[in-house]
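Shown below, as structure tokens, is a lone chain in the form predicted alone; questions about how it binds or moves come after it.
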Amino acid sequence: MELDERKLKILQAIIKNYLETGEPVGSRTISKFTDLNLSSATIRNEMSDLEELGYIVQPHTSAGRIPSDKGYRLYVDTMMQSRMQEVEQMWDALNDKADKMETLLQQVAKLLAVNTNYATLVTGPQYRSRKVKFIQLTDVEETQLLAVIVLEGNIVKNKMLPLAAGLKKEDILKLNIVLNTYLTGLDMSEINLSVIAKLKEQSDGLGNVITELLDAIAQAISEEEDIPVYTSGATNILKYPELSDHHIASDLLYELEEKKYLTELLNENSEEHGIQVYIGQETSVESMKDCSVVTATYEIEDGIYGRIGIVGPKRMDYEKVVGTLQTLKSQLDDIFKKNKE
């Protein structure tokens, strides 16, 4: 059911008032807060309808209403207008250090935390696809072969391959030539049956070694990188009563410190370039069910990207957070583009 304009305005008033106060909102407050000039009785009827539709909930019998996850979702999707924030001071500090990626991203996390008053995370760069750049085979022992696999972005993987029998120097040279001729510039999805057939055809009876090498290459490409994550403002969550409960706060601080599950959350839908908003139960991290997480992707160059996340209460100031992230994303893209040139 699509809400009419009056219900939308009342829902917006409830959410904005709750964002500011953190307290359940009653009909009398809404009657003063909006420009609808409606009586408290009329507003109560509209609030009852909104509650029945699942957009607001009543935490206690005699209390006012607070937004539900569904209400927040509607607010984020249809009511919120992007608001660009003045963050030029942030970039005065960052531009001087743009050539140092780690320093830059640490400062981004810190300044975001100060600017939003929430917890923030920024991941280091990672790669959407991992193409083979170079392969070097070297015999270590008679029955062991070292494969040095260099992937796009100069990621180096070393794999030891046991051999049933030793290889001649000329065989190893031939394998190096064949592998680099047919695999350079390909990622795993492009190493198909046709490519494998050509490799085996050109390897002069070394098909078994080719099979083992392809397994090693596939493993190297699929291995997860230890992506650095820079965090700041973790203790900001203690400023919000709904997150300051000992158990809730403890779990949140643990996740922010450990970073593992938050990194996975940041990388969900990483192919999406826009702002992603996860409200309450929409997050995949159990300890985040009372929070909202807003994420964005920054691009260093084609295929190389990083993620930014902001964690706060469900009553976070979405307009400010989204506006800040939009500006931040644009500025980071510009900085990396200038550095590339």
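Basically, rigid core = biggest C-alpha set you can superpose within 1.5 Å across the two forms. Residue indices: 1-based, along the sequence shown. Owing to the predicted nature of the structure, the values given are computational and were not obtained by experimental measurement.
Below, we refer to the form predicted together with a further copy of the same chain, which is not included among the displayed structures.
Only one of Leu213, Leu175, Ala234, Ala220 lies close to a further copy of the same chain in the predicted bound form, with a heavy atom inside 4.5 Å, and it is Ala234. Checked against a further copy of the same chain in the predicted bound form, the candidates Val150, Ile227, Met188, Leu206 yield a single residue with a heavy atom inside 4.5 Å, and that residue is Val150. In the predicted bound form, a further copy of the same chain lies farther than 4.5 Å from every heavy atom of Tyr182. Not displayed here, a further copy of the same chain is kept clear of Glu264 by more than 4.5 Å at the level of heavy atoms in the predicted bound form.
By the criterion of a heavy atom within 4.5 Å, Leu163 is excluded from the residues contacting a further copy of the same chain in the predicted bound form. Mapping the unseen interface onto this chain, Asn192 falls outside it, with no heavy atom inside 4.5 Å of a further copy of the same chain in the predicted bound form. Core-superposed comparison between the shown form and the other one: the C-alpha position of Ile135 differs by no less than 2 Å. Once the rigid core is used as the reference frame, the Cα position of Leu253 differs between the shown form and the other one by less than 2 Å.
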